[in-house]
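One chain comes next, on its own, written as C-alpha cells: the form predicted on its own.
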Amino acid sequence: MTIWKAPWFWSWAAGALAFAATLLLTDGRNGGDLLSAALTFASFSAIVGIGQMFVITLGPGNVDLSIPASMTLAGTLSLKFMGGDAALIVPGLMVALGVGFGAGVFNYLLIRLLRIPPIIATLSASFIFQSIAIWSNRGLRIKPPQSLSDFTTGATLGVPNLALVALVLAVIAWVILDRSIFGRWLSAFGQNERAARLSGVPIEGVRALTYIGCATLAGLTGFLLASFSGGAALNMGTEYLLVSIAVVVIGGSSIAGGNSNVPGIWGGALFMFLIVSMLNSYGLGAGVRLIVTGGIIIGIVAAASKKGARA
C-alpha cells in the first residue's frame, strides 16, 4: 500500500500544511517554539483521543461525552489531595486514575443496567461529575507540587515530557489494538456486534473495559493538564469534548466502528492545535475556532459516508 493511501497519512499531511501556513504568517520566526508548543498541547488531545477512539471503534452510537467532566473532576480531586506536597505525587496520580476508573464504571453501568444509549448516558454522567467537581473545588485553585509542575512543563532531550508520555501511551494503544486478542475482539464488536457475540466474543466485557479505559485516560489527562497549567479550573476540559472526537475522525478511524488508527490520532491532534494557532495569528476568537472544528468534522464525516456508500 502506498503511503498516501494509509488512513493516517492525510492527517499528518494536513498538520504539516497547517505548520507551514502558521510559519508563513510569522515570517518563519520561532519555528522551534511552535513545534514544541504543538507537541505539548497536542499531547492532551492525543491522550483523550486514544480513549475516544477505542469507544468509537465499538460502532455507531458509541461516544463518551463525559470526557471533559472526568478530566475536571480528576484534576480537581488529585490536586486537592496532594495539596502541593511533592511526597504525594504518586498517590495523587492514583487518585486521578481512580476517579477516571470510577467514572468509566459509572458510565458502563448506566449503559448496561439502565439500557440508556451511550450518548445520553455519558452526557448525563458528565453533569454529575461536573457537579461533584464544583462542590469539591469551592472556588479554590490549588497549585500542583513544584516538581510535578516542572516535569509537565519540561523537556527531555528537547522533546516535551508530555509528548513522551503521550507517545508511550500511543504505542501501548497500538500494541493492544494490533497485537492483542482484546484488539481483535474490539474490531469484531465494531464491525458486527451480533456476529461477534455468536463467535464467542465477551461483548459486555469488551464494552466495559473500553468505557473504563477511556475515562481512565481522561482522568490522567486531567491530572497532567491541571499540573501543567498551575491548577485545576472548572472549565479545563471543555474544549476536549469536540477535540477528542475531531482527532479520531481526522486521524482516519472509521466512524462506523470496527477500524481504528493510532498514528492518525497524533496527526489529528497536531493538526487541531496548529489550526488554532493559525486562527489566533489572524486574531480570530474561540467562536470561529469551534465553527472551523465543527466544519472539519462535518466535512470528513460526509466524505467518509460517501466513500462508504460507493463501496
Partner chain sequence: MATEPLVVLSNARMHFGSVRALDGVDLSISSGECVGLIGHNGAGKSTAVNLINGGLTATDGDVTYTLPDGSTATGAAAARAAGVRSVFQELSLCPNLTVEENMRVPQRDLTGAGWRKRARVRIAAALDAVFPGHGIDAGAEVGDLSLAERQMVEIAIGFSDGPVPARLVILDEPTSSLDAGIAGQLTDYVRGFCAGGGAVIFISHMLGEVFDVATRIDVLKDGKITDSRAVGDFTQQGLIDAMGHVASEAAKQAADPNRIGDEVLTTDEGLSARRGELVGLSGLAGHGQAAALARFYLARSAGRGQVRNPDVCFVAGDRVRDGVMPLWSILRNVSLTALASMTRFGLVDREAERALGADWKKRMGIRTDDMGNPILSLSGGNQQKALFARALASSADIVVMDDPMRGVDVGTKQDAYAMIRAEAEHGRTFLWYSTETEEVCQCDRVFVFRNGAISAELTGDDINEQNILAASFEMQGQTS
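A quick note: this is a predicted structure, and the numbers were derived from the prediction, not measured. Positions refer to the first chain, counted from 1.
Form predicted together with the partner chain: not shown, discussed below.
Of the candidate stretches 67-75, 93-101, 113-121, 200-208, only 200-208 has residues whose heavy atoms lie within 4.5 Å of the partner chain in the model of the complex. For the chain shown alone, residue 185 is a contact residue for the partner chain in the model of the complex, at least one non-hydrogen atom being within 4.5 angstroms.
Although the partner is absent from this view, residue 178 contacts the partner chain in the model of the complex, with a non-hydrogen atom inside 4.5 angstroms. Put simply, residue 194 is close to the partner chain in the model of the complex: some heavy atom of it is within 4.5 Å. Proximity of residue 36 to the partner chain in the model of the complex: non-hydrogen atoms within 4.5 Å are absent; the residue sits far from the partner.
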